[in-house]
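Shown next as structure tokens: one chain only, the form predicted on its own.
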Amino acid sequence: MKKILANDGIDEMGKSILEKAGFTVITEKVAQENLVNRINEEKYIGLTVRSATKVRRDIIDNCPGLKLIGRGGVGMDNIDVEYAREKGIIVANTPAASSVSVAELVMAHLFSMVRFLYDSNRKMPLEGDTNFAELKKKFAEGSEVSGKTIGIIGFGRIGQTVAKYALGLGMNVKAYDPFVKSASIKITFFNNQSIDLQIETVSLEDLLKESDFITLHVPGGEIITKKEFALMKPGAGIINTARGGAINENDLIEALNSKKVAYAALDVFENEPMPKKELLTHPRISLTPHIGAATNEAQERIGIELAEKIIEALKQ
């Protein structure tokens, strides 16, 4: 029997595809500390995770029957990928499935920042009936995004999808990626007409100096620190839907408090699932709880792509 443990869940479509291919798919959540025992007891040959479950050396070393680790999503920083592959375990992810969902969240945060929606939605329920005029005055100094420059750090699938939305809004796009020199961005309209625009990447320094808004789409590493904040335009905004730690959080708080940075948006945090209180309570941060790929459409695409990769990898 070919058994798969989908420890962080899997979309019903993906589960159905696997079952039709002869796999037994279990979606019961197993606590991290019990994973090794359960994988061995139930003779699972595949383990799929999202961002919650960690697949480190203890699991890789102590589960000799495990043949595949699947990550429903893009980043695999919660998996010891190279070590697993050295041990002969197949590691697969779904890099194409969530690009639209993450990019749309970036744009939602962008609009939230420039019109202070994140703060207005906190204040209106508390003061809207008693302090309407003052709130109207407080939130009346928003900005338009059209004509502004957005800097995209990391110009892979998600970064390029963000560029499509930004270009459609009339924004100027600057992109930085050490592995991408240029990209052709195809903008498709509702009637299937389209245009192609070529974006040449620039240096990180130029991007930081010239961008009104900056969004990160990197696999990991600390990209933005005090040094990078110093290079930014006064009053810039920054968005991180990529990885916790890509922005040094202490330096971000300092930049916000000094007003070097006007506002920030965070979907990911260094200490998930317990982000710093200073971030959660900061009056100029738009917040979401790591939901970049959490749309119904993306979850279905992730499930299908993951199922297809598992079937191909474990076919006999």
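All figures in this text were calculated on a predicted structure; none of them were measured in a lab. Note that residue numbering begins at 1 and tracks the sequence as displayed.
Beyond the structure shown, there is the form predicted together with a small molecule, which is absent from this document and is the topic of what follows.
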- Task: Assess the spot marked by I153, R157 and D267: is the small molecule within 4.5 Å of a heavy atom from every one of these residues in the model of the complex?
- Result: yes
- Task: Select from the listed residues M107, M171, I185, V180 the one whose heavy atoms reach within 4.5 Å of the small molecule in the model of the complex.
- Result: V180
- Task: Quick one: from F116, F229, F213, Y176, grab the residue that has a heavy atom within 4.5 Å of the small molecule in the model of the complex.
- Result: Y176
- Task: Please determine, with the chain shown alone, which of 41 to 49, 54 to 62, 248 to 256, 283 to 291 has non-hydrogen atoms within 4.5 Å of the small molecule in the model of the complex.
- Result: 283 to 291
- Wondering, does V202 line up within 4.5 Å of the small molecule in the model of the complex on heavy atoms? no
- Given that the partner is absent here, does V218 sit within 4.5 Å of the small molecule in the model of the complex, heavy atoms only? yes
- the small molecule contact at L135 in the model of the complex, heavy atom, 4.5 Å: no
- Interface membership of V102, the small molecule in the model of the complex, 4.5 Å heavy atom rule: yes
